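Below, in structure tokens: the form predicted on its own, a single chain.
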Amino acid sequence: MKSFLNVEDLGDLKEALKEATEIKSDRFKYDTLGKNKTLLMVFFNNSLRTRLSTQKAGMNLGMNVIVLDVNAGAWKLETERGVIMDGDKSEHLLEAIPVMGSFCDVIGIRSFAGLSDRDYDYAETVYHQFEKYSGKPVFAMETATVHPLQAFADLFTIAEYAPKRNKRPKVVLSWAPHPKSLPQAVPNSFAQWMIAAEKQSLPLGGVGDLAGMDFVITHPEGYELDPAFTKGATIEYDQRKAFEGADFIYAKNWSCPGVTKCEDYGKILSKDMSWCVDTEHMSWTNNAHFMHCLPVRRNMIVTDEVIEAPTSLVIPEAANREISATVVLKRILQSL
């Protein structure tokens, strides 16, 4: 595997989840695979879970790990071609990338959407520059449009906690309010991975197979995600109807994706607090587990009572980020 950006890059999901189960039972089983190999993690944006879990994954595999925070100590980087560099950016990414590549064997990239130029963001300009100019395998630690390490961990968590009474659980992705404009990367990837898993038989917590799932997305009008990620999903604008009978509720804010009105891209169209997931919302479900990628704005996205309930999976879900990253890095190392 030379690049990890979308679900299809991982191949067969059933095999990937079996591999995740194997890794979780023995995180250091392949601790010599990365001997004398160096992982470079490049952060253009803040991180907690991604930084810690991916660094830990590299260490699990015996790799050397270098973390570069572009906004703290490095030169400010220009990312666009044809720009007269007479401002505050001292180095161009097209020189910086091959230099980075000369010091490592694998590169992880974290670069958020700017939310001002939809075409630029959805072209994944920064990520593809690393693919083209680094000469090394590249994987996404969240980009302008996707967060595949998070989605892989989410799917693994669902497979672990899917109720045994129902071999085809109902999984709901629900928009929730937020005071700031956020990118669509997490919901895009979650939708993409759930749709890919929807029709597959997947390993279920060691007791059999998960016979796919029923996947529903609910949000106010105007928040329609790009069909490239949601084709095949059920879209339900009535949040209560979407929640009925659900086994998993994944709450997440995203700004307007600009699918129907490009000029609205990145804007906040609603702060409707009735979409905040509280105990009443959860009472509509099938005693559902609550999920969120974190960090979460309490009492905007979800109330204290719901996130602290025994059915909340936000901590095990976050812990599984180490597992998803280990599987991905293992496969990349095996391809070197």
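Everything quoted here is computed from the prediction, not taken from an experiment. So that there is no doubt, residue numbering starts at 1 and follows the sequence shown.
Not on display, but discussed next: the form predicted in complex with N-(3-carboxypropanoyl)-L-norvaline.
Only one listed stretch (88-96, 231-239, 183-191, 101-109) carries heavy atoms within 4.5 Å of N-(3-carboxypropanoyl)-L-norvaline in the predicted complex, and that stretch is 183-191. By the criterion of a heavy atom within 4.5 Å, residue 136 is excluded from the residues contacting N-(3-carboxypropanoyl)-L-norvaline in the predicted complex.
Residue 142 belongs to the set of residues with a heavy atom inside 4.5 Å of N-(3-carboxypropanoyl)-L-norvaline in the predicted complex. Although the partner is absent here, residue 118 is not a contact residue: none of its heavy atoms lies within 4.5 angstroms of N-(3-carboxypropanoyl)-L-norvaline in the predicted complex. Not displayed here, N-(3-carboxypropanoyl)-L-norvaline is kept clear of residue 68 by more than 4.5 Å at the level of heavy atoms in the predicted complex. Checking 51, 297, 29, 37 for any heavy atom within 4.5 Å of N-(3-carboxypropanoyl)-L-norvaline in the predicted complex turns up a single hit: 297.
Between N-(3-carboxypropanoyl)-L-norvaline and the residues 63, 41, 282, 293, the one pair within 4.5 Å by heavy atoms in the predicted complex involves 293. Proximity of 14, 170 and 199 to N-(3-carboxypropanoyl)-L-norvaline in the predicted complex is absent: no residue of the three has a non-hydrogen atom within 4.5 angstroms.
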